[in-house]
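Form predicted alone, single chain, as structure tokens, below.
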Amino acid sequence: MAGQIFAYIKHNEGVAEDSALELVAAAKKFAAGAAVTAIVTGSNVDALCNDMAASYQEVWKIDNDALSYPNAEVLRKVLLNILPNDAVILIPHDTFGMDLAPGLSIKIDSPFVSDIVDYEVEGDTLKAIRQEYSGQAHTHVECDISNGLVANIRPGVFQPDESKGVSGQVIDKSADTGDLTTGRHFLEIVEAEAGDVDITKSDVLVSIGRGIEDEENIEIAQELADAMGAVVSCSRPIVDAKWLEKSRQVGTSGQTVKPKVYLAMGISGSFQHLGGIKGNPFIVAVNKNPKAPIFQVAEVGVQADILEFMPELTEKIKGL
């Protein structure tokens, strides 16, 4: 089998993203009891490293002002200097991970597999499953990982390992980064304009997708949301059609939300949409297509027309 297993920890100003604990579970599929090393980069990340040491056997800290904002070009240089030759590194499949991982695999001369939703390892062979065409088809990929691997793991497909029963060691690798001069420089963060409703603060979201069919039908979703004390959000096609404002969009190109309950109405469930849902909410999915990817992550799935289902649910809730 390949060598040491690493997980790149995404965080926002020292607060780990959900993927940090998901990668613990993903890494365990390589071998039972396999040691996994977390890589934490940034500025003033001591507290985060200590937190990750409760989940990972080892934590490599790279503390450098040049890494205070995620820059894939800089980080590739860092990882090239510190990773062993046959390393397996797991990286979340998000916009930053898609920027970082392909070039890294070329630099360290290891295979690269993107957007993995499941996998198994047999000897030196990785057998991975990916999704194509917004989850309508599955691709099975095999590669030799005896010389290492760079893998993008789709967020949300592995249940976070929250056991935190490890007493890991934090190792400072900050002095091993080498020259971090690059042609790409961080300029500024431009905050999105605030909308009339902040969907990131809502505990319950009624989220609509293509299945709503017409702008006039949004009122049906609003009536359901009012009955539940919820807020209406949406997937990207609704914003592209200019039926709702951008501030209502959930996804990697929209808002990141952490509700307790998420009703996905007529949403197929592409990874770009699911990437905006954090915190493991209770997901209820309603879709006419029984093969919609959203059903793979939903606690409750209903095959139905949302234009018929939502009014019925609204009346039931009002009856309570």
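Treat the numbers as computed from the prediction; the structure is a model and nothing was measured. So that there is no doubt, residue numbering starts at 1 and follows the sequence shown. Rigid core (definition): largest C-alpha set, two forms, superposition within 1.5 Å.
Below, we refer to the form predicted in complex with a small molecule, which is not included among the displayed structures.
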Check: Taking G251, K288 and A304 together, does each of them reach the small molecule in the predicted bound form with some heavy atom inside 4.5 Å?
Finding: yes
If we test each of G148, G97, P155, G209 for a heavy atom within 4.5 Å of the small molecule in the predicted bound form, the one that passes is G209
If we test each of V257, A53, A292, I283 for a heavy atom within 4.5 Å of the small molecule in the predicted bound form, the one that passes is A292
Which of 35 to 43, 22 to 30, 265 to 273, 64 to 72 lies within 4.5 Å of the small molecule in the predicted bound form, heavy atoms considered? The stretch 265 to 273
Checklist entry - Would P111 show up as a contact with the small molecule in the predicted bound form if we use heavy atoms at 4.5 Å? => result no
(message) Quick check on G168: any heavy atom within 4.5 Å of the small molecule in the predicted bound form?
(response) no
**Study point:** the small molecule contact in the predicted bound form: D124, any heavy atom under 4.5 Å
**Key:** no
I'd like to check something about P237: if you look in the predicted bound form, is any of its heavy atoms closer than or equal to 4.5 Å to a heavy atom of the small molecule? yes
Inset, instruction - Note yes or no: does the Cα of E13 move by 2 Å or more between the shown form and the other one after the core is superposed? - result: no
| message | Please determine whether the C-alpha atom of F112 is displaced by 2 Å or more between the shown form and the other one following superposition on the rigid core. | response | no
**Asked** Has the Cα of Q249 moved 2 Å or more between the shown form and the other one, judged after a core fit?
**Response** yes
